[in-house]
Structures are given as structure tokens and as C-alpha cells.
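This document opens with one chain alone, in C-alpha cells, the form predicted alone.
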């Protein structure tokens, strides 16, 4: 088992590097994108060659955070000194980039998921951090770089999304103090929130309506499950990458403790997203199914299941949580 390191050790390694590649997880959310881009910007300010390496089209919700940081160009990513996985802690979270990641002379993990174990040369995993962007906020000054308005905006976007607009239980006094410092730098919180939460396509809203129409309460109203099928996507024009936040909306139903959303990626590949309100540890539930995440926000992927088979299996498993 690898050990957990200090941010000072990671900063020292990054200072020695000339080229650093950053690898956020697939289906990037605001924290993965914000934390990666903020660290990339800081490394460039420190004189490094740095890129955020991606393997898919950026989700609309976070695409505005890319200001020339992201690339799929192999010519720009050859022979990295350091490769850093950001907001994730296993190769299956960036599968198409795994081979490139392993070409780095040194590998680093920066994450805050409770299910992540140290597995690289250097690891900083802090599960009580509200967001990986919070960790990046602490790391950047150790690189000898001042956080400016642009870097601050990226960090703020990461924090605001992973705390559910500062509503989730992972939000701490420290989180609010960091946000206050970022606002003092000139970060425009309202502009960021508009781009993240008030910038939806009509097709996304139509898909959301279909998801709620399909929703089913069970476990005496303490759980809800719904799905997104390929048919629903075709009929509404919505996209899977636009469904961030839907599971949280299902959880908002009065009396619901656990919300589950199934996403049909192919005919027999189902991505499962779980959220809990108070006491249920959905990370532990997800680990049993080969996934992971946070206590109140986690997920996993099922292979070889139809949507209906996956739904029936998960309903049975969740009902057992309330026995």
C-alpha cells in the first residue's frame, strides 16, 4: 500500500518538473474541471508546460471554465515529467488516458473521495476537504504562485459545485473562509453561478421532465429511482452530459433519503448515480458494486444489465438498507 504524502512533498515535485499533465475524471463536473484548470493555470504562471488532458467533449456546464487549458493533442503531451490525477483515484476514472498517464516519470494523486486509496508515487487524499478545488487552493501558494482572479474563479467554481451551492454537509467554516478570500480577489460569484446553473438548453429541461415522469418511489417513500434511456435522449434531444444535478433534484422530494438515477450508456452498460440526504452511506453501497465516492454522493457502473434488470436489482438492494 502506498502512503499518503504532504502537500509540501507534492509541491516540491511539481517545482522540479518542466512538463506536468493533469488528468481529471471522465464526465467532468465543476470540481474536476475547476481544480484541474486552476492548478494548470498556476503551473503555467510558475513557468511550467502544463495541460489538462481530456478524452471526451467537455460537458456544457463546465466548458466555460476551459481557457486554453484542455487538450487531446498527443503532440502537446509527450514525455511528461509529472502526471497528476485530479479529483479521482483509480485508472478506470480516466480509461482512455491511462497509457499516457503511465508515461510520466512521476505519478501523483490529488483527491478528496473517501473511497480513494493511495496508489501512485505521491498521494494527497483528504476526504474531509469539501472539494478537490479546496486542496488546490492550499497547494498553489506552495508553488510560489499567487492566486489571481482567474485562478480564483476556477477554484470557486469547483467549490460551489461540490458543496451543492454551499448546502451540503461537507461545507465547513473553512469552505466559507476560502470562498470569502476568493471574492476578495475579485471573483464574480454571480457570473459563475449563472453559467453553472442558469444556462440550460430547452432539450435538457425536456429530458428532466421525462426523468421525473419515470420516477418511482419505494421503500415506503424513503427512496426514489428513475432512469435515462437512449430512447428518452432521442425523443427529447437531451444529452447524458447534461444530467448533472438531476439525482440531487430527485433527492429533494419530501421524505426521500436515497435517490438513484440510472443512465443507459449502451444497451447493456448502466451508469448508476446515488445521492443520500442524511444517514445512508451511498459510498459504501457503491463500493459493494465496484464503485465509490462520497458518503452522500457516489456511483458505479453495471455491465451486462438492461435498464429494467438494473432497476429491479438496485431497488432490492436499497430496500435492504432500510430493514
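Computed from a prediction, not measured in an experiment: that's the story for all the values here. Residue numbers count along the first chain shown, from 1.
FYI, the form predicted in complex with a small molecule isn't displayed, but the following is about it.
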Although the partner isn't part of this model, could you tell me whether residue 242 comes within 4.5 Å of the small molecule in the predicted complex, counting any heavy atom of the residue? no
With heavy atoms only and a cut-off of 4.5 Å, decide whether residue 54 touches the small molecule in the predicted complex. no
How about residue 300: is it within 4.5 Å of the small molecule in the predicted complex, going by heavy atoms? yes
For residue 292, is any heavy atom within 4.5 Å of the small molecule in the predicted complex, or not? yes
Note: exactly one of 113, 251, 204, 97 sits with a heavy atom within 4.5 Å of the small molecule in the predicted complex, namely 113
Determine which one of 86-94, 119-127, 210-218, 185-193 lies within 4.5 Å of the small molecule in the predicted complex, judging by heavy atom distances; exactly one does. 86-94
